[in-house]
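In the block that follows, a single chain appears as structure tokens, in the form predicted alone.
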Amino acid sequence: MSAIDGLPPLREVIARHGLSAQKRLGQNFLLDLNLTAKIARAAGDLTGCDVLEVGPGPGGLTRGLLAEGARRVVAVEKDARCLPALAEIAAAYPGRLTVLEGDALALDLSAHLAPPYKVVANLPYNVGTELLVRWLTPPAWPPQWQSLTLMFQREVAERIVARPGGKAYGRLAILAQWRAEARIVMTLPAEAFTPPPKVQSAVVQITALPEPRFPADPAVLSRVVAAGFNQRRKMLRASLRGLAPDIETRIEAAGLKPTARAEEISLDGFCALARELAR
């Protein structure tokens, strides 16, 4: 499909520019412009919004975002081979695409975006989780972004939306659900990508809430959650022992059982424990 704009099909773009996907960069290109347009639509109304895209590659999702009316797309690409293809898209959408060459983990992206903005990306597998954690833990809340519409390996996506009681429930679920609404909006088979990854992928939409669901100090909550899930098979009284000398008393004061394990504790319970430890 190339009907979303006057640009050539992605397979032709990739062949012309010699853009074979690089495993070391975590690249898996999504070539079906019907799918990239669907992901762009999943992010909601883009008109009047700046959109941040990390890892655009040959620009399939970039084209979808622009065709769906994004005011401006800021695309961060580490692979210099992709820059000529992205320049062709910029020329087709004058003044609406800014391409930044570099590592998204090392760049100050806020200087290039007008908040509130949206983040929409088929994230490179090797940096996706770290970027997500950074977006979910800004210095102040609400964050500068309005929503995150991100593609991950399906296993990671399920960890983001997991509920207490299962193996998928952990730190990512707490971080995402404490101050945001998280849901899986699309799943994609491996065959949709070039080269096909060994796993399925899923698109998660995370919408920032005005304030956290439950009060807690972010730093204390982060320490509690990290300690609990770093030794998730242990009871809380053992896994959290390093946080306070009277940890059993503190756990009970928060309304929890010292013999419970982290995967059994609700978001509300973790926040209650963080408040107790911060007293």
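In case it trips you up, residue 1 is the first one in the sequence shown, and so on. Every value quoted in this text rests on a predicted model; they were computed, and no experiment measured them.
There is also a form predicted in complex with a small molecule; it is not shown, and the following applies to it.
Student: Taking the small molecule in the predicted complex as the reference, which of 78, 159, 118, 179 has a non-hydrogen atom within 4.5 Å?
Tutor: So the residue touching the small molecule in the predicted complex, by this definition, is 78.
Student: Exactly one residue in 37, 49, 225, 30 has a non-hydrogen atom within 4.5 Å of the small molecule in the predicted complex; which is it?
Tutor: Contact with the small molecule in the predicted complex is made by 30 alone.
Student: Is there a heavy atom of residue 124 lying 4.5 Å or less from a heavy atom of the small molecule in the predicted complex?
Tutor: Although the small molecule is absent here, residue 124 would touch it in the predicted complex, with heavy atoms inside 4.5 Å.
Student: Is the gap between residue 43 and the small molecule in the predicted complex 4.5 Å or less for some heavy atom pair?
Tutor: No, residue 43 stays farther than 4.5 Å from the small molecule in the predicted complex.
Student: Just to confirm, residue 95 within 4.5 Å of the small molecule in the predicted complex by heavy atoms?
Tutor: No, residue 95 is distant from the partner.
Student: Indicate whether residue 55 is a 4.5 Å heavy atom neighbour of the small molecule in the predicted complex.
Tutor: Because a heavy atom of residue 55 falls inside 4.5 Å of the small molecule in the predicted complex, the answer is yes.
Student: Which among 97 to 105, 165 to 173, 202 to 210, 140 to 148 is in contact with the small molecule in the predicted complex, heavy atoms within 4.5 angstroms?
Tutor: Result of the contact check: 97 to 105.
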